[in-house]
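Coming up is one lone chain in structure tokens, specifically the form predicted on its own.
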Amino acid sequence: MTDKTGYEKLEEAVKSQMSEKRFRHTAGVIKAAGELAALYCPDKTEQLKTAALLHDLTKEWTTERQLQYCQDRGIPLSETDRESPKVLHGMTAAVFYAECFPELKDDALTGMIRWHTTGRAGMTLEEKLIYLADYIEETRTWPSCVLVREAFYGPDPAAMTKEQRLVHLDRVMLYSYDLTIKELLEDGNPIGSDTVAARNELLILLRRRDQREKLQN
């Protein structure tokens, strides 16, 4: 019998803190993160898969525990955050993982975990990929997730040039924000400023890129 790798031990430790259903989703995100890493940054595959493994570490905490943890750790919360309990686990997991596994603490990893639900303006490539992996992993059946998954894989990003893939990523990210915001509006829920900022940044970036291309053609 071979000794378990560090990643396998980490996976076991994380799995022990999750329900079977939550870990099935986590496994799906790990798979999607590996696929996205192969397309965009093969040298970051291990880091992306680690972020995927840890991203929902506190997802199954109660809202009360999430809020108490934020208070105890000095994690700042806006009124919108307090009224949007589904986003709290990104904030708490980004701190909690480093308490559980201090040897893994890393700014890039923290960012991927922190922003995987809401997004933000100025996201790194790796943050975008974990956000997208969480959205499109194969066990997701929510209509918006299916639409975004089809939008990403449908045009065959593997056949694109590097530049085309990056533009494609931004377009799919923008589409995901639009769908998320539409659902929040329909349900009468508040929309976090980070998601709005992320959406507007990509909208302006892509609009200006399209305008430049028109002028060149």
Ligand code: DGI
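Owing to the predicted nature of the structure, the values given are computational and were not obtained by experimental measurement. Counting begins at 1, following the sequence as shown.
There is also a form predicted together with ligand DGI; it is not shown, and the following applies to it.
Would ligand DGI in the predicted complex be within 4.5 angstroms of a non-hydrogen atom of every residue among Ser84, His116 and Thr180?
-> Spot residues vs ligand DGI: full contact, yes.
Just one of Leu166, Met160, Cys41, Leu184 has a heavy atom within 4.5 angstroms of ligand DGI in the predicted complex, so which one?
-> In short, Leu184.
Options 49 to 57, 32 to 40, 62 to 70, 147 to 155; stretch whose heavy atom lies within 4.5 Å of ligand DGI in the predicted complex = It is 49 to 57 that comes within 4.5 Å of the partner.
4.5 Å heavy atom contact, Ile191 to ligand DGI in the predicted complex | Judged by the heavy-atom cut-off of 4.5 Å, Ile191 is in contact with ligand DGI in the predicted complex.
Proximity of Lys128 to ligand DGI in the predicted complex, heavy atoms at 4.5 Å = So Lys128 does not count as contacting ligand DGI.
Interface membership of Arg120, ligand DGI in the predicted complex, 4.5 Å heavy atom rule = Residue-level check for Arg120: no, no contact with ligand DGI.
Can any non-hydrogen atom of His25 be found within 4.5 angstroms of ligand DGI in the predicted complex?
-> Flag for His25 set to yes.
Taking heavy atoms and a 4.5 Å limit, what residues of 119 to 153 are near ligand DGI in the predicted complex?
-> Going through 119 to 153 in order - heavy atoms within 4.5 Å of ligand DGI in the predicted complex - the hits are Asp134, Arg140.
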